[in-house]
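One chain follows as structure tokens, the form predicted on its own.
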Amino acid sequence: MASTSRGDSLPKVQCPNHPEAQLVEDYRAGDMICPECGLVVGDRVIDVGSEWRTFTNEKATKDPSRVGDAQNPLLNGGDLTTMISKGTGAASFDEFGNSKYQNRRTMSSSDRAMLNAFKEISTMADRINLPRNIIDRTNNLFKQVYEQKSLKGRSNDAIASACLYIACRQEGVPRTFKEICAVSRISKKEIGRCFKLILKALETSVDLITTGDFMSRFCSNLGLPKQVQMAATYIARKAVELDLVPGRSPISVAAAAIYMASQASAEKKTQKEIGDIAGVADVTIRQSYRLIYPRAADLFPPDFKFDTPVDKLPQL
């Protein structure tokens, strides 16, 4: 007889003779089978995924899904809806020309609003190549805010954009407001307002962003080698430790550090190239660069191989 071990969450089905064996699922019969001894550990296993069918006489462009997506736990109704397509034959219409089979509006307005927001979140995340765990956390944040009704008067798109910004910071892959603004239809100011309101409403917090959070991504997008990236990271960290850039944003400090490191190497990048990737203006990079330039000799790592000496770096 199969045994179940209760862990911290759900019961785990396992073979009584081989507890460590990875069970094999027979999707056709709905059985869970032990690969070591062949014991049927569980039967009548329900597949909650989409049901698919493909026949040779069907066009490849048709959607083979018959019963819709898997259940969505974020929606109140579990998203258990059925859509009836428009009829084409005579049997689909009554004597007055009306369709016999029509879709019933079973989805509530709140679920419909959340579903639209989830689609917008997924679209924004895809545009900036964010993984699935970021999308799931964003969806959960949006659901909490929407159910609390604490941000009445704010558009759902603005709330969704702010939730995406928060999720990125909580997952350790922060994005700038300008990056979120570029993939949404909301202004940077409105996203910032919603960001503060959501933190207050959910009583949550996010870690402070540092120069290291953006350095690898910025350098990778600029095509800079590993040595320059490590030097820029070292320069930015030393500049903060020596209190050379008080009041400057971590993004502008990171951009200035990348500019200094690239100018000292063979892979030189202009302020405009760095500004386009980092999302900061050229003048902002120059201002931060002027603050760290006087101590440039103390900022580079000891093992850095200079292509341009420190005293030859641009003074701006």
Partner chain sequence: MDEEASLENYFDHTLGSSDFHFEGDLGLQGSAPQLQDSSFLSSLTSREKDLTEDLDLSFLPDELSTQDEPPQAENDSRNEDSGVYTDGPPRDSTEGDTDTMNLACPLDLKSIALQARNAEYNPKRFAAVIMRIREPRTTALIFSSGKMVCTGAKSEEQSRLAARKYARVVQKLGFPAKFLDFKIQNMVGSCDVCFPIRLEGLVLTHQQFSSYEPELFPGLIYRMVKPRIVLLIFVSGKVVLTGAKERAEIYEAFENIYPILKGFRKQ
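Residue numbers count along the first chain shown, from 1. Everything numeric here is computed off the predicted structure, so don't read it as measured data.
The protein also exists as the form predicted together with its partner chain; that form is not presented, and the subsequent description refers to it.
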Practice problem: Considering its partner chain in the predicted bound form, find the one stretch among 282-290, 265-273, 31-39, 249-257 with heavy atoms no farther than 4.5 Å from it. | Solution: 249-257
Quiz item: Looking at the partner-bound form in the predicted bound form, is residue 176 within 4.5 Å of its partner chain by any heavy atom?
Solution: yes
Exercise. Using a 4.5 Å heavy atom cut-off, state whether residue 196 contacts its partner chain in the predicted bound form.
Key: yes
Quiz item: Does the 4.5 Å heavy atom contact test between residue 220 and its partner chain in the predicted bound form come out positive?
Solution: no
Quiz item: Is the gap between residue 209 and its partner chain in the predicted bound form 4.5 Å or less for some heavy atom pair?
Solution: yes
Exercise. Answer yes or no: in the predicted bound form, does its partner chain come within 4.5 Å of a heavy atom in every one of 169, 188 and 192?
Key: yes
Quiz item: Among 137, 143, 238, 154, which has at least one heavy atom within 4.5 Å of its partner chain in the predicted bound form?
Solution: 154
Practice problem: Identify which of 133, 148, 205, 88 has a heavy atom within 4.5 Å of its partner chain in the predicted bound form; exactly one of them does. | Solution: 205
Exercise. Go through 267-295 residue by residue and record those having a heavy atom within 4.5 Å of its partner chain in the predicted bound form; state none if no residue qualifies.
Key: none
